[in-house]
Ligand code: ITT
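The chain below stands alone and is given as structure tokens, in the form predicted on its own.
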């Protein structure tokens, strides 16, 4: 089946396609679907922001749509940057700012959170996933994007993992696999694999 992802983020789109394609779901970008919109993400939670994006695109395309909102939550920073992760620092400077704020902190625990909102003619809902780890002391790796180079999962950063390794354990991977199950229940096994 085909679904529209409400995003202008090429990295999120690529990850969603990699995760959902083997599960029988073809992901179309909002641009490919003719939905040129960029709604203000003014919600106070990941779920609210994801639903804002999903509804904005669904109102244009009127077919199954999903959107994700995600971010990194750091224990020593009282959960920040959280829902403000994308606006925490200028693009490309996120890791440097986070490492500077974590200077001298001994509690390095953190987790990535992702909420995926979906909407179709049957209604709407959300699924979520988390990936727990810690903040390293330096950026490492060239894969991934955003905060991946400073987020340690075991001994490696997410940016040091292959795409398949990351997708198997990531917050977005977990949420998107749940989304696939939602669509299978809504549309049936056969339809989900068309």
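Predicted model, so just to flag it, every value in this text is computed and none were measured. Numbering follows the first chain given and starts at 1.
Keep in mind that the form predicted together with inosine 5'-triphosphate is not shown, yet the notes after this line are about it.
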* **Joint contact, 8, 41 and 148 to inosine 5'-triphosphate in the predicted bound form, by non-hydrogen atom at 4.5 Å** => yes
* Asked: Is residue 174 close to inosine 5'-triphosphate in the predicted bound form, meaning a heavy atom pair under 4.5 Å apart or at it?
  -> no
* Indicate whether inosine 5'-triphosphate has at least one heavy atom within 4.5 Å of a heavy atom of residue 105 in the predicted bound form. => no
* Just to confirm, residue 17 within 4.5 Å of inosine 5'-triphosphate in the predicted bound form by heavy atoms? -> no
* To do: Determine whether any heavy atom of residue 99 comes within 4.5 Å of a heavy atom of inosine 5'-triphosphate in the predicted bound form, and answer yes or no.
  => no
* Sequence order please: the residues of 83-98 with a heavy atom within 4.5 Å of inosine 5'-triphosphate in the predicted bound form. => 85, 86, 91, 94
